[in-house]
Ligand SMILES: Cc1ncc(COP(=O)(O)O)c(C=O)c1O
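One chain comes next, on its own, written out as structure tokens in the form predicted on its own.
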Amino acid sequence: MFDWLEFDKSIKKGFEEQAAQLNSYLSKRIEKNAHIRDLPIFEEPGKETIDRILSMDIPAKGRDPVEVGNELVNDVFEQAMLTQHPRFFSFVASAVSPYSLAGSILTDVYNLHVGGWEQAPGAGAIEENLVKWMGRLAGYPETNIGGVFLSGASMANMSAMVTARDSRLAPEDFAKGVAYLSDQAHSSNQKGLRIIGFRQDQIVKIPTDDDFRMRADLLEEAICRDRQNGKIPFAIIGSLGSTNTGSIDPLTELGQIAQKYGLWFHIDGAFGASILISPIYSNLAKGIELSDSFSWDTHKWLMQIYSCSTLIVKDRKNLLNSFAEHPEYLADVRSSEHNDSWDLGPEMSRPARAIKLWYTLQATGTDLLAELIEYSFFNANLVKKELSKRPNWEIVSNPSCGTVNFRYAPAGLSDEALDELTGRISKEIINRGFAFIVTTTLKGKRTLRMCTINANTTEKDILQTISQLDEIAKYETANL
């Protein structure tokens, strides 16, 4: 039989023990972060560790929590990719702000429910403030700006397409709708469209130019062709900082085409929207003011703890049209003055994701974060500069939004041999544990990709990495 008094006693004791234990873990992690450059980027767990975790039973009686915590630290947290490492150049991973960490810890400790305004008005006010700030940066009229914090760009982009569909298509026309994106658009856009019911033939990929930007002329041709064939074009998805190359689509041209044909214009700014805070590089996002919505992952370039993403729309009525529901059990907790966030997106139960970003912006200010972004551009240009000094290195995509692609391409090797060589170089630099650089494929060429958005990455890190890549490339070529 359940003994409430005993349960209450054990819970109080558990919180006391965990406070001390967590303080110890946090102190050790902060100490390690102070020497992060000397740590291996990846300590892969051995087969024995994985097999032990997979074979563990879920106990009927609890185990020693200190033992459980130590297992988690040693077997899980310490044996994963250190994506905030200054020489982790793959994916779109960044350093972490101590204020984001503090905000994240407080959010977990207080465990706020921010589905509706009434549950946590202060957290709701912070989210509303940040949504309007982001919209203003994009040039949206402040009066109608709406938005919601979500887990990541996958959810943000999909939610944008739900809104676009409901805004531009009647339900009976869903099967005729067509959405357009470039061949460099992030896969989350295509996946999101499929999840919400669109067939593959309703998702049209538009080729890109030599700078990996969507060709507006081919986009307009595709829209006209589809309209003539009885289809209903309803959405254009532009990229503000593609994952592969950091490329930025011709946003102004895309926006004008969207307006001409009455399409919803969404911008996937998961990676690149952060340039909006830079006085120097915000002009690269010109045309975003013509969009109907955009996504922005602040856990990429603004040093935020996972996860902290947003969907911003020019007119919040469109979000309400797609997501608002008013069940009877929420009647007493609805806000009469503010939109409840569960009416602005797909989630009802949700954490206060905006707190950590607010903490960072208030403690750090935007000037320092803008300098961080500008520094990322500098480092990507440094990569190109150093490679250009060395023979046989080919720049496949020029630096954009802190990202550059390149490969070692000595004369006389076939395309297949060059692709194999590129893979060998990546594997060896990772095996050395010095830097983490994986490959991607652009216009049929397998390339090495470096994303330099980590604020802890120094010029020395870049120079040493390029030096090692050159050394490895010469060795692997000789042994190919």
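Since the model is a prediction, treat every value here as computed from it, not as a measurement. The first residue of the sequence shown is number 1, and the count goes up from there.
If you look for the form predicted together with this ligand, you will not find it shown, but the lines that follow are about it.
- Interface membership of S282, defined by any non-hydrogen atom within 4.5 Å of this ligand in the predicted complex, is ruled out.
- At a distance threshold of 4.5 angstroms between non-hydrogen atoms, V92 is in contact with this ligand in the predicted complex.
- A residue is said to contact a partner when one of its heavy atoms sits within 4.5 Å of a partner heavy atom; T208 fails this definition for this ligand in the predicted complex, lying far away.
- Among heavy atoms of S154, some come within 4.5 Å of this ligand in the predicted complex.
- Residues with any non-hydrogen atom within 4.5 angstroms of this ligand in the predicted complex fall in just one of 193-201, 123-131, 267-275, 348-356: 267-275.
- Proximity to this ligand in the predicted complex, defined as a heavy atom within 4.5 Å, singles out one entry of K314, R87, R213, K300, which is K300.
- Shown without its partner, this chain lists N381, S188, T364, Q256 as candidates; in the predicted complex, only S188 has a non-hydrogen atom within 4.5 angstroms of this ligand.
- Along 228-262, residues G241, T243 each place a heavy atom within 4.5 Å of this ligand in the predicted complex.
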